[in-house]
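Shown below, as structure tokens, is a lone chain in the form predicted alone; questions about how it binds or moves come after it.
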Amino acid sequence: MKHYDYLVVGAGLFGAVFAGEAARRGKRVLVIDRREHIAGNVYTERIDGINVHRYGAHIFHTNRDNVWNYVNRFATFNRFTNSPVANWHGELYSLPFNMYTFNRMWGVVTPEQAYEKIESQRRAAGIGEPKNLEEQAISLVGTDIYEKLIKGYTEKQWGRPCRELPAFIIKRLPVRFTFDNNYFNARYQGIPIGGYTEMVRRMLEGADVELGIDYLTDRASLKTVADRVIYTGAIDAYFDYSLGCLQYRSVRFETERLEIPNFQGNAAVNYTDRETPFTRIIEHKWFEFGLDENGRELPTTIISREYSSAWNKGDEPYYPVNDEKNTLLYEKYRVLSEKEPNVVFGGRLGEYKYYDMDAVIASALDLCDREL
């Protein structure tokens, strides 16, 4: 094997951005991934003309001009706007929480009426400075919306009572006293036409890519193929869990092809009651308006039910559990990582951080500036 300037472990967004930029600046770069495909969790697989989001829905959104300009070098984005729907025992509500939600819940018709309803419920709950997710949610949207549209969904997603979850998890929840159904407060939003996999493939141009290789099982020999390692896997796994396991949540997907053109009429429907075992259903075709690449309507559809689950060694880690206990443990691993010669840790798992896609790309570009 030839010698490289950089070995990038992981062909997801962070690794692809760094590898591509390094290659375009004249560096010799090898990218490896233990999966048999590139693009990490944003991987899309084309089935029946539909770009299926294999590891859950990913809607690109950002307020960062530099990141938006960067991704547009590798893909053209459509005009998809994220407007999910909440289903509570067959009652449908708008997400984000807005005037449609408040009218459906309470029959109010003005922003002032909605605000007064939320304030009265917050006062009745006796909440001052929110100490946990439950109190934060009630202070934002009141008790009724919390009980119907937040509590069950959140406890399924995180596997613990809302009172045991930190308040910050829900602070970015959009609440609007308007009829705006756009979930994200972002200037730029959309889905790459042709899917994320094609976008990442273009990002990686110039770098060598080898798939189906697990760095942690053969790191002794792999370390010798490059001067520097960019590691985007789980930081605790890198150190053989020597200080203990960081906690994650995992997700299981049940994907089904249906011989009908329309299952739910929306890309994402969240099932917010505690009794429904899955958290949401994704209907992939609506990320691209139900049309194939030639603009024709698709006669079939593909849906994915998402089941949140506890994480165990060997499972795919999706969401870091960034509570106080895990944050302290991560800090100990971070100190170890800084002593690791010629290895840089980055990305969602390498930094144990709940990252949106644009933040992952921004972090990778920052690393490019420092390294290259």
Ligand code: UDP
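As the structure is a prediction and not an experimental result, all values here were calculated from the model. Heads up: residue numbers just count along the shown sequence, starting at 1.
There is another form of the same protein, the form predicted together with this ligand; it is not shown, and what comes next is about it.
task: Mark residue 253 yes when one of its heavy atoms lies within 4.5 Å of a heavy atom of this ligand in the predicted complex, and no otherwise.
output: No, residue 253 stays farther than 4.5 Å from this ligand in the predicted complex.
Contact flag, residue 80 vs this ligand in the predicted complex, heavy atom cut 4.5 Å: No - in the predicted complex, heavy atoms of residue 80 and this ligand never come within 4.5 Å of each other.
query: Is residue 285 close enough to touch this ligand in the predicted complex, meaning at least one heavy atom pair within 4.5 Å?
result: Close contact is absent here: in the predicted complex, residue 285 is far from this ligand, nothing within 4.5 Å, heavy atoms only.
- request: Mark residue 172 yes when one of its heavy atoms lies within 4.5 Å of a heavy atom of this ligand in the predicted complex, and no otherwise.
  value: Yes, residue 172 is a contact residue.
Residue among 307, 319, 55, 70 with a heavy atom within 4.5 Å of this ligand in the predicted complex: Spelling it out, the residue with a heavy atom inside the cut-off is 319.
field: Single option in 196, 231, 248, 153 placed near this ligand in the predicted complex, where near means a heavy atom within 4.5 Å
entry: Only one listed residue qualifies here, and that residue is 153.
- prompt: Of these, 267 to 275, 216 to 224, 239 to 247, 117 to 125, which stretch puts a heavy atom within 4.5 angstroms of this ligand in the predicted complex?
  reply: Residues of 267 to 275 come within 4.5 Å of the partner.
message: For a quick test of understanding: in the predicted complex, does each of 157, 183 and 280 have a heavy atom within 4.5 Å of this ligand?
response: Yes: each residue has a heavy atom within 4.5 Å of the partner.
Partner contacts for 77 to 112, taking this ligand in the predicted complex and a 4.5 Å heavy atom cut-off: Heavy-atom contacts to this ligand in the predicted complex: only 95.
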